[in-house]
Structure formats: C-alpha cells, structure tokens
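This document starts with one chain, in the form predicted on its own, laid out as structure tokens.
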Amino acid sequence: MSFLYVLEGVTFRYPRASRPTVEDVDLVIPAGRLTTLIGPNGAGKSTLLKLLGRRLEATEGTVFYCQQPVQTYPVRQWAQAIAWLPQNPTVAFPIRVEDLVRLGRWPRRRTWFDRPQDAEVVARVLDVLEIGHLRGRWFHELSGGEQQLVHLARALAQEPETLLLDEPLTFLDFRHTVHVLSKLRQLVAQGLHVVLILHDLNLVAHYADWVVLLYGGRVMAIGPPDEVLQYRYLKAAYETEVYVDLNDLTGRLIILPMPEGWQDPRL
C-alpha cells in the first residue's frame, strides 16, 4: 500500500483555545482510495482536513504529502496538486456558472487568456456532474444543491491530483448524492485521490475505501469501513445507541441511530 498522507504527532490549537482541536494524531491515508473522515460534531474533522490541505499549519508534528512535508511545496505546485472545497463556500459577486467553474483553471494557466483546453475541461466537468444546462445561469439564482454542484465542478476543473472535500453533499437530494459519490468513485479508479468528510455513515459504508473516525481531536479508529463502522466504536464516539447490521441487498453495513432511552430487547 502506498501512502498519500502520513501524519506524525500532529497537534493543532487555535489561538486562545482551551485545548487543541486536533491532538497528537498519527495516521496514514493510502493513495488511490476514497477516504472519509467521520466523527461527531467538534471531533476535529474540518481542522484535520485543513491541515491536509495546508490551510492550517500544525502546531506540533508534521504532515507529509507524497513523503514530503506539505509546507515545503512551492505554492503553484501545491495549487495544481490539491483542490479544496470548504464546508460553506461563498461567492461575493455576481457571476455566471460557467465563469465560476472556469476559475478552477487558474492554477493551470500562465496567462490571463483562456486556452482551448480550459474551455474543454470546463465543459467536461459540467457534463460529468450533469449541470451543463446551468452554464449560462447566474450562480446566485441557483438552489443550494445546484450551487454545491457548481462548487464541486470548479474543484474538478482544477484537474488536481487530490480532492479535499468538506461535507460536499450538503443540500443534495438522493439522486444527486448517489450520482456525485458514484462519479467520485469512477475518478478514484482513474487515479484521483479523494479525502472527504461525510456524516451519513451508510454512504460511508457503501462508497468509502478507507475511514478515519475522530473523537475529541484524536483518532479512535482507522481502516476499511467494515473494521471502523463497528458498534463499539460508533456508540463510544457518538455517545448514543446505534444499530449496526448487514444490508441484505448490498452486503454492506447499515447504521441507524436509535431513539434516546432505547434498549435492545434481545439483550
């Protein structure tokens, strides 16, 4: 197994915070996989993803990307290698969808002028996400789900080696959720590395190759979905009763939160 990221003793503390948000984390993220970061609110998932994307610098320890400390990469090389989609991306000015997606091409351009391949890439990613019909629309006129797809298209237009996504399925309906995850799996099969934060553990069970479970800023479990999405880990991390079993149709795990006060009658 080759490693995309290796973290050694990584701690990050925000200024004036009473405790580190990420503390003494050692982990590996394999290359060529779809990796998901999971855990309860406040577990440190977004902070960890920012450390992977060099949006934050570790207070202690080292983050390695392809065996090289992330802070040593030249800015342009890093911008070409890593595409970042934050949890709540904003657009502060009026812009049409096609032009917004075209902004993803900037790390690949050396002049102010579009090249034929830039237009080709923009058209391709819009079609891949099935939003080509939106290309002439004003971004702010779109629904929340449509806007999320446009932001994802902009990240893909960058043609990165690695895609870092913080809750990219927000506002998406069932069809678009399945479509996006299926496309990401296809892109992983073609050589893209993907690390994303997901809250829906059933989607994690069906689509992830590698899972990192965080709790209190530390790694509670790491490995393939079947090894991490276990009752003992999930109950401890989410501090609630959960039901974990196999889906008879897919053979994958199915995870459900149970009502407060619920007790398994089989026990």
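All values reported here derive from a predicted model rather than from experimental measurement. One-based numbering along the sequence shown.
Beyond the structure shown, there is the form predicted in complex with a small molecule, which is absent from this document and is the topic of what follows.
Colleague: Using a 4.5 Å heavy atom cut-off, state whether residue 87 contacts the small molecule in the predicted bound form.
Modeller: Judged by the heavy-atom cut-off of 4.5 Å, residue 87 is in contact with the small molecule in the predicted bound form.
Colleague: Closest heavy atom of residue 44 to the small molecule in the predicted bound form, within 4.5 Å or not?
Modeller: Heavy-atom contact with the small molecule at 4.5 Å: present for residue 44.
Colleague: Taking any heavy atom pair closer than or equal to 4.5 Å as contact, tell me whether residue 243 reaches the small molecule in the predicted bound form.
Modeller: No, no contact at 4.5 Å.
Colleague: When the contact criterion is heavy atoms within 4.5 Å, does residue 32 count as touching the small molecule in the predicted bound form?
Modeller: Contact check for residue 32: no, nothing within 4.5 Å of the small molecule in the predicted bound form.
Colleague: Counting only heavy atoms and a 4.5 Å cutoff, which of 64-72, 34-42, 223-231, 202-210 contacts the small molecule in the predicted bound form?
Modeller: Residues of 34-42 come within 4.5 Å of the partner.
Colleague: With the partner absent here, would 106, 146 and 158 each sit within 4.5 Å of the small molecule in the predicted bound form, counting heavy atoms only?
Modeller: Contact check failed for every one of 106, 146 and 158.
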